[in-house]
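Quick setup: one chain, the form predicted alone, written in C-alpha cells, and binding and motion questions come after.
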Amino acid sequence: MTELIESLLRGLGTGSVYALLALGFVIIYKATRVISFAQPAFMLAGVVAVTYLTPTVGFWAAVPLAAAGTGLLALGVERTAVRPMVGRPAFVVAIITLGVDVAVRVVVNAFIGLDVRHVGDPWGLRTLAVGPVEMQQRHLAAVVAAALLVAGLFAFFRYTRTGLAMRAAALDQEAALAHGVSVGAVFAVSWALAGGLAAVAGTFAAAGGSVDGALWLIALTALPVIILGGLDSLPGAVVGGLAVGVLQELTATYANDVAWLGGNVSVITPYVLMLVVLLVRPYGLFGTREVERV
C-alpha cells in the first residue's frame, strides 16, 4: 500500500507539469484554433533563463522573471511569425510554429553549452515523510504551484475584462469583434500566457536534476494530454495531465512485475490511453462536440 500511495503522489507531481504545459496548448488553441508546436521551445527557454537568473536574484525571483521573459518571447513570436499568417489554413500556421520551435531550441541550446546547468531549486531530491509514506518535495511544490496557477487562471478568465474578452473570442470571433473585442490582443495575451506557463512547467520538470537540450521532449507528452482532455477544454487539460502523470508512474512502478512488458512501457502509456479514450470519445473527455450542418 505504501508503494501505491507513493506512486500516486509522484504521479500527481509529474501530472502537474503536464497540466501546466497542456494549459498553454489549450489557451492558444481556444484563441486561434491552431495547435502551437512551439511550446517545447518556450519550456526549454524558460528553464535556461532560470539557470542564468538564479545565481543573481535567487530561485524565487528567477522563476517569475523567466516566466515573464518567456511570455514576452512568445508574444514576439506571435507578432512576427504567426500574426502575418492570420486567415491562412490552420495547417500552415501549425507548420510555422513547428519551425519556430526548432529555431528557438537551436538558439537556446547554444546558451546551455557544455557545462552542467541546474535551476537551483531549494528542494533537490529531498523527501517529505508522513509516516511510512515519502514524497519528494519537488513533486509537492509542483502540485502546489499548479493549483495556484490554475486558480489564478480561473479568476483571470472569470473576473477580468481581458479574460472575459478571451472567452468571448474563443466562443465566436466575429461576434466578439462586433462587440468591440480586440481579437488581435486576445491572440497576443494567449501566446504570452502559454509561454509563461511553459517556463514554470519546465522549471519543475528540471527540478532536482540537470538541464540539457533533451528536456523539451517532456513537452511532447502534453500532446496526448490535450487530446485526452479535449483540445478546447481547460479543465480537461488539468484532469488529463494529472491522469496521465498518475498512470505513467503506476505503470513505471508495476510494469517490472510483468516480464513481457519491459521496463520502458511507461513511456508509451500516455499515447495508449489517448487512443483508448479517442475510440470512445473522439472529442476527448471534456472537449466540445462540433456539429456541422450540411
Partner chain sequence: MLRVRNLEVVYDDVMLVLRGLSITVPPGGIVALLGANGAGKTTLLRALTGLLDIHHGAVVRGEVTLDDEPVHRLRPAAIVRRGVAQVMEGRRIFGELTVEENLRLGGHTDPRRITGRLSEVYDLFPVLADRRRRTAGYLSGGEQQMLAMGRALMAGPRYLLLDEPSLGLAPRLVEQIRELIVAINAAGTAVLLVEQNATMALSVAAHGYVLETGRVVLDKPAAQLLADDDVREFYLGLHAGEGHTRRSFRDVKHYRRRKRWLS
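Positions refer to the first chain, counted from 1. Everything quoted here is computed from the prediction, not taken from an experiment.
Unshown form predicted together with the partner chain; subsequent notes refer to it.
Problem set entry | Answer option from V189, V82, A165, V143, heavy atom within 4.5 Å of the partner chain in the model of the complex | For this set of options, the contacting one is A165.
Problem set entry | Option touching the partner chain, based on a heavy atom within 4.5 Å in the model of the complex, out of A176, V133, L153, A94 | The option sitting close enough to the partner is A176.
Exercise. Is L171 a contact residue for the partner chain in the model of the complex, using a 4.5 Å heavy atom cut-off?
Worked result: Yes, contact at 4.5 Å.
Exercise. So in the model of the complex, does any heavy atom of V77 sit within 4.5 Å of the partner chain?
Worked result: No, V77 stays farther than 4.5 Å from the partner chain in the model of the complex.
Exercise. Is V211 close enough to the partner chain in the model of the complex to count, meaning some heavy atom within 4.5 Å?
Worked result: Judged by the heavy-atom cut-off of 4.5 Å, V211 is well away from the partner chain in the model of the complex.
Problem set entry | Non-hydrogen atom contact L73 with the partner chain in the model of the complex at 4.5 angstroms | Looking in the model of the complex, residue contacts with the partner chain do not include L73, since no heavy atom lies within 4.5 Å.
Exercise. Which single stretch, out of 95-103, 196-204, 114-122, 157-165, brings residue heavy atoms within 4.5 Å of the partner chain in the model of the complex?
Worked result: Heavy-atom contact with the partner occurs in 157-165.
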